[in-house]
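Take a look at this single chain in structure tokens; it is the form predicted alone.
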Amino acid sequence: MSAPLLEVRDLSIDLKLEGRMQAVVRDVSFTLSHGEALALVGESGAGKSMTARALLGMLPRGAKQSGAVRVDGESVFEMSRKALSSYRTKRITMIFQDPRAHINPVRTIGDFLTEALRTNLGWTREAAEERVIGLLDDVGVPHARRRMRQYPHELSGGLLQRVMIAAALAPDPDIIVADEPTTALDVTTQAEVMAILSELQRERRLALVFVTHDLELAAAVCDRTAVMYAGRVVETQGSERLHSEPAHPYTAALLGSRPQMSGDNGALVTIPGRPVSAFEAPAGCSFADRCVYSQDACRASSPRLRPWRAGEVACFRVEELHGSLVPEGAPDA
């Protein structure tokens, strides 16, 4: 079996919060192969975005990390500044949530799209412009040559997000990290943008890490889904199986709390309590206080992520609960 393109092992991250170092990510592990799409899913505070930034070596100043992030066996955390700059240009790129916050408002779209190619990769302006004009066409931006002369405020949010996708594709990277790239868009535009990104990812056999809180979107776009809670991965499975056979109570609760598009739904099901960050998590299972299946043993120690069927799960009761997880109410067991 070939080695993975991306390997994350026991990644932990601490940030200075309220005057002291506190955990935001704990013992996160996963792998990613060429051409594969992996979703990181969870509620706010789960550690998804911080994990994504660690893949690029883009942690906030003062952050402390342990564990490993390796691309083709090379440690991202041990790269020199020059090597890290080259890595972020040639091997891995990122699509951010809000394009208006990451595109310089006083520079043209053409300058934004060609800068990395010209400055970091030595392309001529003419070659760089032809490259990105073709990419604008690919991502569904009409009148691409005219758009190159426009400024960000002249484009809609949907067009700007397409520009961000084109920028991520421009250096022909191996990995794209998309951090909730459709959050600021309306539902129709979200669907269009994600369809474009998914199609291009598969056509070009790019590896994709897709950060989202939307399980439905993750299933539509990604081969596998890693569910995060309180800074940890609690379940990883193929996206289709995760929807039909969730192995962790938190995954089942997330699936059960989605509004349904048909039928008499009644009141919307909610998960009791509130999500906690890694530094707030109790000593045992971090989901125990919100879980209808928890027992005393769940509060005594923290379950490790371990192989389960074709995936991995961090739950002491996974064997007992297999096939019986329900979104609400008391368990049968």
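Numbers for residues come from their place in the sequence shown, where the first is 1. Fair warning: this is a prediction, and the values are worked out from it, not measured in the lab.
Here the subject shifts to the form predicted in complex with a small molecule, a form of this protein not shown in this document.
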Practice item. Report whether all of S85, T89 and P173 sit within 4.5 Å of the small molecule in the predicted bound form, measuring from non-hydrogen atoms. Key: no
Exercise for review: Within 4.5 Å of the small molecule in the predicted bound form, counting heavy atoms only, one of 288 to 296, 301 to 309, 28 to 36, 44 to 52 shows up; tell me which.
Suggested key: 44 to 52
Check your understanding: Could you tell me if Q65 has a non-hydrogen atom within 4.5 Å of the small molecule in the predicted bound form?
Key -> no
Review point. Is there any non-hydrogen atom of P60 lying within 4.5 Å of the small molecule in the predicted bound form?
Key: yes
Check your understanding: Any chance E180 has a heavy atom within 4.5 Å of the small molecule in the predicted bound form?
Key -> yes
Review point. Though only this chain appears here, would R241 touch the small molecule in the predicted bound form if you measure heavy atom gaps against 4.5 Å?
Key: no
**Study point:** Candidate from L15, L325, V313, L11 lying within 4.5 Å of the small molecule in the predicted bound form - any heavy atom
**Key:** L15
Practice item. Could you work out which of R202, R118, H213, R100 is the residue within 4.5 angstroms of the small molecule in the predicted bound form, going by heavy atoms? Key: H213
